[in-house]
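For reference, the chain that follows is the form predicted on its own, supplied as structure tokens.
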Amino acid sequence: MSAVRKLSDQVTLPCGVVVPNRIVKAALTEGLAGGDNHANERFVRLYRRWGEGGAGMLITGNVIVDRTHLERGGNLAIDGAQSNEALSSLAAMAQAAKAHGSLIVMQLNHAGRQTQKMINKHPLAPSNIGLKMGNGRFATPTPMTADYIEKTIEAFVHAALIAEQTGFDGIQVHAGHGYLTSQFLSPLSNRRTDEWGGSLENRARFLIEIIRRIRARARKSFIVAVKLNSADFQRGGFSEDDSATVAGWLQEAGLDFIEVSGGNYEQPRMINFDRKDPLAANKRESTMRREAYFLDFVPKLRKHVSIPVMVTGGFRSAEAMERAVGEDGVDFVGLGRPIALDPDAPKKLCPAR
């Protein structure tokens, strides 16, 4: 008879790291950096407070690997060589987050075509397909050259190694919500005809190569994770079948856990908002009843992966979280706004810690 799965259980990742409990502070963009896009005392105070709250793991907001493609002003960025001061600030942030036993994972990202004009009037992306929304806030992107694709892969690797150097326990590559890596995955935004586009294998190559290189160059105990869309919820876009297949390839590449999300700026299902699209309008009654937005995708995902799975979005009651862990096979419950509103929520959910 298998043991009952509880929110307070420890979870051992494939890399050997033990996560103290199943509650994870999901990524929330902080917007606290100054014009240098470096960490500062505000990040230190924020992550010390979240660490005091008792979550097993904290995932940072966007840390951008190319500061010309910020998700928004105030993002952290690791772009090229870092000064001693910048490295010290990141180290202080990591140390503060870990002071009470939480793990800290840095989320790495590149906004691609979702970079606003006020930041970059000429953003780069897989193809020259602009966003169909935004009231002129986003420019039509320029297709990335093969050289820039290689440079960007190495930028992700470089940022991961900086995270390792400064005391972070791991990284999470953001491959959802319509950002650059998600743009490569979707046939709606990736119209390339070279090795980086066309088939699902080619569209996934950018993400898989990032994970393989980080896994090869970081220490064995360094956490390597991905936030992946279950689907884009757009007709002809990245589908659940695509996502499950890519997840299997990511496991083979050495992934430690996968976070399930969905949607993009055009179809923001990650915040439970549906634009006019037939694939997004038909919400499943079971999903609404069970709170979490993407929980119905987990059984399909489980046919392709055995690594831990994290679900974020919609959880509001302890009962729903316990049911997701105990009955639905979820390994980690991701909480964003609930922890922002009540930083001590993890302690209340896992009082044994």
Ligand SMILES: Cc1cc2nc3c(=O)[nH]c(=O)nc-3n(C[C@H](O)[C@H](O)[C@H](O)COP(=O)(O)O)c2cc1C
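A quick note: this is a predicted structure, and the numbers were derived from the prediction, not measured. Note that residue numbering follows the sequence shown and begins at 1.
There is another form of the same protein, the form predicted in complex with the named molecule; it is not shown, and what comes next is about it.
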Stretch in contact in the predicted bound form with the named molecule, which is absent here, among 37 to 45, 312 to 320, 50 to 58, 298 to 306 (heavy atoms within 4.5 Å) = 312 to 320
Any of the heavy atoms of residue 28 lying within 4.5 Å of the named molecule in the predicted bound form?
-> yes
Do residue 20 and the named molecule share at least one heavy atom pair within 4.5 Å in the predicted bound form?
-> no
Distance check, residue 152 to the named molecule in the predicted bound form, heavy atom within 4.5 Å | no
So in the predicted bound form, does any heavy atom of residue 110 sit within 4.5 Å of the named molecule?
-> no
Residue within 4.5 Å of the named molecule in the predicted bound form by heavy atom, from 182, 115, 243, 261, is 261
Using a 4.5 Å cut-off on heavy atoms, what residues in 211 to 230 are near the named molecule in the predicted bound form?
-> 227
